[in-house]
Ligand code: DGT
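Just the one chain here, the form predicted on its own, laid out as structure tokens.
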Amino acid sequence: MKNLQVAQMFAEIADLLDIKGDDPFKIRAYRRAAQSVSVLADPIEDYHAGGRLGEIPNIGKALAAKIAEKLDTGTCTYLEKLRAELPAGLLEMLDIPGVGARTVALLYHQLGVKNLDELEQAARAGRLRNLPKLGEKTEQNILSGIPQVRNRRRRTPSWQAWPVARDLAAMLSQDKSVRRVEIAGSLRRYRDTVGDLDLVAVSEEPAAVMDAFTKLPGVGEVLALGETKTSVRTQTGLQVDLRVVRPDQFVTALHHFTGSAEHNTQLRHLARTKGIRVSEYGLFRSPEEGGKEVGAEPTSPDLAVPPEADRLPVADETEIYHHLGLDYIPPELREGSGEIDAAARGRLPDLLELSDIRGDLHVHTTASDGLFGIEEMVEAARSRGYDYLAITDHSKSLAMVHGLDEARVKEQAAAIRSLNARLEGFRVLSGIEVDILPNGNLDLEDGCLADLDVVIASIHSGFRQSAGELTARLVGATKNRHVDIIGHPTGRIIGKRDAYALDTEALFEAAAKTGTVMEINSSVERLDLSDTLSRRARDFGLRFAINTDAHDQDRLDEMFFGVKVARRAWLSATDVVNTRAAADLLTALKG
């Protein structure tokens, strides 16, 4: 949780400096620091205790001092100073699609707008359209974007929630009254965002567990305290619900509090036709229910627990499904979207595993906006057991990140060939993330793209174009014979920017005709394509590349999250091109 708190601190400093119009390089340094801390595998307290804060990428002496102050005192003097200079509500305004720091500053200084409510009032009164570079269209876009921001407040990206849940579970498991703690809920299903967190603990002393839980570091407020369920709010703002059960109830409780409402309802319907009652308390024989027509299920589980003599043995979650005549359904699939029928027919897919991935096809280096050179990224990829890595820096239209022109692309490809001559058992693939320009053209000449192993085509600008224009840009890219992969196809940034207007059916149909691969971008901010769209793309027969879009070595580990998206989309290893050996991969891409 401390990692998340420090990352949030740096992100807030960057946003406040941006609104103030401070030095862009300084702002970028804070954003990079926030990213580096957010993906640390180890607690930042360990770095601090060992005097190793300087080992974290993008953390120099000044930033290390701010981290130390935050960890030692719980606050940061510099951040408090910035907060005193600007209203807190300005930060929420930055989350409106298309509203940047300059616009927020303009609204604040010209109209005195300090928060979303005041901004909505000003927009409805038509006061924004007369400000420089805004106009009536921008005013309407802001009005339509405000509800999106309010809705996002209720959800937390899973990658931010995961370390909080993990740390709470680990700390609680150290209490002598606790036998076991597991994460449940939508986080265990690896949904993109979560409303709250669910923990299930095993103990014969529930009162002692509840007492220990409410006193854990990071708990900010106790919302409800009960005999078997307690809810708290963490200092990072997440609600966490803890349920304590007996050892013989643990498996069914974990299962119950993992599945979606739709999955659990469908499972209870099926169970009743087989003379079985299913709840968080266990599986019980209920012969009078067998073969009965089942009506609407109650919205909450039955409170009455059947006699122990009727309890069915359940050693693990696999046995729950086997008692009901089903194949085991992994947590990621428990959404009530056809998985129970597929399990009954023996037609669940053999889901992709992280170990199936043999290389990453989308990473950036210092040639554009990455933090490490080619050899350093290769070293990190090899340490993760990969067989290959594609270097895909940005193209020239993204001048602000030093995108590569045709000459620099050729130079980089030559350097990669030279490096491959020195490597054994590993291959570096030459590539580019070429921008799809607003007019539909690609940012680099075909002759340049033809010489590369991997070409990813992505949209990085012109998000406000119509659905027809955006779709035409992407469809046009699939028709270019040198484009292998469509990168982060819908452009969403979770919690920040919704997917742009797009006819995904038309895109998938075009990609199916040309054999173009769809990317599942594993960057925790993107996870794009989403699970639902990836599953739909699979219906078109499309193949996928699961890539991290990593700009530093640590973020190669975000492949984990992309694999989870693929699993939620019912994808197998055969659906994913970077599960293949390098030679087979290139044949698949260029075939």
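Here the structure is a predicted model, which is why all the values come from computation and not from measurement. Heads up: residue numbers just count along the shown sequence, starting at 1.
One more form of this protein exists, namely the form predicted in complex with this ligand; it is left out here, but the text below deals with it.
- A residue is said to contact a partner when one of its heavy atoms sits within 4.5 Å of a partner heavy atom; H323 fails this definition for this ligand in the predicted bound form, lying far away.
- Proximity of D198 to this ligand in the predicted bound form: non-hydrogen atoms within 4.5 Å are present.
- Taking the partner from the other structure, this ligand in the predicted bound form has a heavy atom within 4.5 Å of a heavy atom of F257.
- Under a 4.5 angstroms non-hydrogen atom cutoff, this ligand in the predicted bound form lacks G282 among its neighbouring residues.
- Checked against this ligand in the predicted bound form, the candidates V194, L474, V454, L444 yield a single residue with a heavy atom inside 4.5 Å, and that residue is V194.
- Among G403, G185, P331, G370, the residue placing a heavy atom within 4.5 Å of this ligand in the predicted bound form is G185.
- Just one listed stretch, out of 491-499, 139-147, 475-483, 265-273, contacts this ligand in the predicted bound form at the 4.5 Å heavy atom level, and that stretch is 265-273.
- Across the proposed site, K2, R32 and A68 without exception lack any heavy atom within 4.5 Å of this ligand in the predicted bound form.
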